[in-house]
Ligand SMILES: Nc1ncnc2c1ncn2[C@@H]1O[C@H](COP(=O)(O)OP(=O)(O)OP(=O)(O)O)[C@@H](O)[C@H]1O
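Listed next as structure tokens is one chain, alone, in the form predicted alone.
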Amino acid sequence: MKNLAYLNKFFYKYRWRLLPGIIFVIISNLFAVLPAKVIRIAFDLVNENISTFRLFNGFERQDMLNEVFNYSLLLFGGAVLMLALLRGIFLFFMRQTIILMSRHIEYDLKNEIYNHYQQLSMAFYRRNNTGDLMNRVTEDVSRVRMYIGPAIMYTINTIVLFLLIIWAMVSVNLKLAIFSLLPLPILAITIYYVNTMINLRSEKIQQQLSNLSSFVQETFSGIRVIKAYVREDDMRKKFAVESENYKSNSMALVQVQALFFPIMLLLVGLSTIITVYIGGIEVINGTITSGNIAEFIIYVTQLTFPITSLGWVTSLIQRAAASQKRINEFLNTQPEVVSKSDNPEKIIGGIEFKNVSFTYPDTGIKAIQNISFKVQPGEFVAIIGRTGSGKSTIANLLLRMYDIDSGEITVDGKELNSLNLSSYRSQVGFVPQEVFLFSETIRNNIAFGLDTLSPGKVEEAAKSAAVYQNIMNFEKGFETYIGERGITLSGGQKQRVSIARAIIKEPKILIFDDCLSAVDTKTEEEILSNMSSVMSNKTTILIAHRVSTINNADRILVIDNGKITEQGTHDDLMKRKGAYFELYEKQLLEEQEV
């Protein structure tokens, strides 16, 4: 239960829902126990007066006695119905307090997990797959809610009912009560041993469900590749294997439960037999009446559902504990990148790297080594190099997606990690290499980084990114709905919408991470021409693999194996005839061959 102890703060928060719920449980169970006493009185009344009724056989007074019996039994029957109705009313109130409380806690817990996800660093998302993240905030929370609501409700209900029934039994006859409840310790021992098995198998089920969710999510995300390579049958077979593993784990849990429930029913039935046998002996001895046997049988029958539900409740608690353990693992994960300042600051755009080195924590790959360079506010600096040379890492470090291992990054002379993170990122426009668009309208995707939107701003940003005409060719223009991950648009259109999304913020620093790779040379020239006014007075870092994209940069950094090998203007680097010259000549030759 130590994993579920995390939820205690929610119970305290909603204590004014939980406490009335407990009171309603107690009251409803009082009305559940009382009918047995009413039936005992009615049973004894009939049993004791049946001989009197027969004595008046053939006399007029027998009809009068018959009416008295009928009215008495009708009165007792009405009392039982009234008690059942009152119990039902308080059961309704019980569910309206405890079950509603569980829904409120579910809402709070989901929000807490999601908000915590937002605070975690990029390294966390590289270590964990999307399916598992989704499963913990959906399926795992749903299982925890079953503990918070039904499991707690039925547990309290069972405890209260047990205490009331045992008190009622003992007050009638201690010996009969002891013998009737004799099988219960065996049940307790059975539950003790079964709990461990349920817990272990529940954890396996949850883990396999995460694997299954991740597989499905990845399949749908890569559906184009699957269809292009005609691998549908292969993916179906793999899905069948994952489903089979989930089914096997689920069946293993069901097998335990299938054995558990019959054992409980057997023990309850044994209690009934013992009650009738011992009760009969006590009636013969004159210590109790036959009505008391009927009363005890009702009590034992009333214990049947709580005892039967005990296994189900145990399963719910164990599953919830397994799920909460998985949730706690993520909630206890601390973000590697933390904002150390609460004061937002305006930035100008001066950037400096001083002997910066960085190794990706999840893979151990050393991305950059002792890199140093300086960018003046408003300067246009380009970075070029081979794939895997560390270009995108510089962009990630500038956005502070990761903290550096050694060295120092400053913005306007202040250490990057000393700035308010949200304020800093809000003043940086970033276009990633792998474009991500939301399943929204084109207008909302472009305006994503804005809190308020002024008229015409989206259209202006689209024109600067050379995507305005493409958008207007759609039937609904800027209100065109983009499919998941921007599947409606071509690769070049997605990149240009992403550029528009970055520049509409009017940031002080612009970072383009190889964002023109999916457009042709003519469109590239149009975008750079349109953006010349946008880039003025803004510090611009342009990462590219085509030399034609960067030859107008104020300064070019050539990176290889995580180190700066050359830097200077296009003309300076061409005169040196080093790595940049070779790259330029090679790309020029490739264009001529095409």
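Residue numbers here begin at 1 and follow the sequence given. It should be emphasised that the depicted structure is a prediction, and the values quoted were computed from it without experimental measurement.
The form predicted in complex with the named molecule exists for this protein as well; it is not shown, and the discussion that follows is about that form.
Undergrad: Can all three of P507, S533 and S536 be found with a heavy atom no more than 4.5 Å from the named molecule in the model of the complex?
TA: Checked in the model of the complex: no contact with the named molecule for any of the three.
Undergrad: Quick one: is R326 in contact with the named molecule in the model of the complex, heavy atoms, 4.5 Å cut-off?
TA: Outside the cut-off, so no.
Undergrad: Would V497 count as touching the named molecule in the model of the complex under a 4.5 Å heavy atom rule?
TA: Although the named molecule is absent here, V497 would stay clear of it in the model of the complex, with no heavy atoms inside 4.5 Å.
Undergrad: Using 4.5 Å between non-hydrogen atoms, is K391 touching the named molecule in the model of the complex?
TA: Looking in the model of the complex, residue contacts with the named molecule include K391, since a heavy atom lies within 4.5 Å.
Undergrad: Can you tell me if K414 lies within 4.5 angstroms of the named molecule in the model of the complex, counting non-hydrogen atoms only?
TA: Contact with the named molecule, no.
Undergrad: Check each of A321, I205, A367, V356 and return the one that places a heavy atom within 4.5 angstroms of the named molecule in the model of the complex.
TA: Contact check passes for A367.
Undergrad: Of T363, S142, T301, S341, which one comes within 4.5 Å of the named molecule in the model of the complex, counting heavy atoms only?
TA: By the 4.5 Å criterion, the partner-contacting residue is T363.
Undergrad: To test your reading of this chain, name the stretch in 276-284, 80-88, 229-237, 381-389 whose heavy atoms come within 4.5 Å of the named molecule in the model of the complex.
TA: Among the candidates, contact is made by 381-389.
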